[in-house]
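Just one chain follows, in the form predicted on its own, and it is written as structure tokens.
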């Protein structure tokens, strides 16, 4: 009996060196996340930190002017009041673009979910994604052929009414918004489609069987349940639109001066990187403040 207990104790105390111990959970998690966060650090965070440091400099460090750290670049909106007007125009451009994308994108997503199935739906989704497969510069310049005087729209109008005048809207804010809506509309359609496709058809059928009209179903069921998709699409559109410079410069001409074009000029024409960086971070702060306020309102409504 004593020999059996001694043998059992020796067996418990010994560890087979050939058996590998499992790694801690944090090791495997770190190994999986490290490539992603490493790439984000190199490609996004480090450039942003560099631009943030530039925004506090008195001059571009690559030049011969002595560099000092200062806050004067962030006084640009006070020292140059015209920037306030440009910033307001950029925010309004982003607002109208996001609004039109929300209306058109939501209705298109509803049509996709409720009126198509199978291969028809897949084909339409591919057609929606087609703008992403073409160069953005080509898309914008194609609009100049449509919107300019004696362009595509004018030719169609003159075929119907030969004595009619020109309806050219090129080099106007309407043309800028139209080009931006065309470029960013797929974002809203896809986010709304993802939100709407998860809604159970039984909910809509039950509402219809209880006598709900189509507009009641739209405002009481579809829009509230698709709100996450609408908000996601608004974020994806509003932030890049207010900083866009290609569409305003090509389609807007002299009236297409936005914060995006001003910032681009500071980096490429004036070679004033500190001012361009400070304008970028100021615009980013304004956008974050807007969305923070908006999210607070949404949380308040949800709690109520």
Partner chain sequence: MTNVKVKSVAKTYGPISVLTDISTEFPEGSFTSLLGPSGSGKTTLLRIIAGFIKPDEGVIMIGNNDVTNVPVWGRNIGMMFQSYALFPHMTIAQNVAFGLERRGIKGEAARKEVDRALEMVRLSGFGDRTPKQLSGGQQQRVALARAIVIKPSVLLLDEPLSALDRRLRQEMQVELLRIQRESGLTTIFVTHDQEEALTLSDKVAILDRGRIVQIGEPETVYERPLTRFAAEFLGDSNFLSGKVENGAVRLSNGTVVRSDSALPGNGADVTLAIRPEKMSLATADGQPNRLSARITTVIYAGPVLSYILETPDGLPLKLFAQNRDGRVLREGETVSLSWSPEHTIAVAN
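Since the model is a prediction, treat every value here as computed from it, not as a measurement. Numbering follows the first chain given and starts at 1.
Just so it is clear, the following notes concern the form predicted in complex with its partner chain, a form of the same protein that is not shown.
Enquirer: If the cut-off is 4.5 angstroms on heavy atoms, which of these, 220, 72, 121, 139, is the one near its partner chain in the predicted bound form?
Expert: Flagged contact: 220.
Enquirer: Between the options 130, 78, 160, 210, which residue brings a heavy atom to within 4.5 Å of its partner chain in the predicted bound form?
Expert: Flagged contact: 210.
Enquirer: Taking 4.5 angstroms as the cut-off for heavy atoms, does residue 224 touch its partner chain in the predicted bound form?
Expert: Because a heavy atom of residue 224 falls inside 4.5 Å of its partner chain in the predicted bound form, the answer is yes.
Enquirer: Is there a heavy atom of residue 202 no more than 4.5 Å from a heavy atom of its partner chain in the predicted bound form?
Expert: Heavy-atom contact with its partner chain at 4.5 Å: present for residue 202.
Enquirer: Examine residue 168 and determine whether its closest non-hydrogen atom to its partner chain in the predicted bound form is within 4.5 angstroms.
Expert: It does not: once its partner chain is placed as it appears in the predicted bound form, residue 168 has no heavy atom within 4.5 Å of it.
Enquirer: Is residue 216 part of the interface with its partner chain in the predicted bound form - any heavy atom within 4.5 Å?
Expert: So residue 216 counts as contacting its partner chain.
Enquirer: So which stretch, 98 to 106, 194 to 202, 160 to 168, 174 to 182, is the one near its partner chain in the predicted bound form (non-hydrogen atoms, 4.5 Å)?
Expert: Heavy atoms within 4.5 Å of its partner chain in the predicted bound form occur in 194 to 202.
Enquirer: Using the arrangement in the predicted bound form, list in sequence order the residues of 246 to 271 with any heavy atom within 4.5 angstroms of its partner chain.
Expert: Stretch hits: zero.
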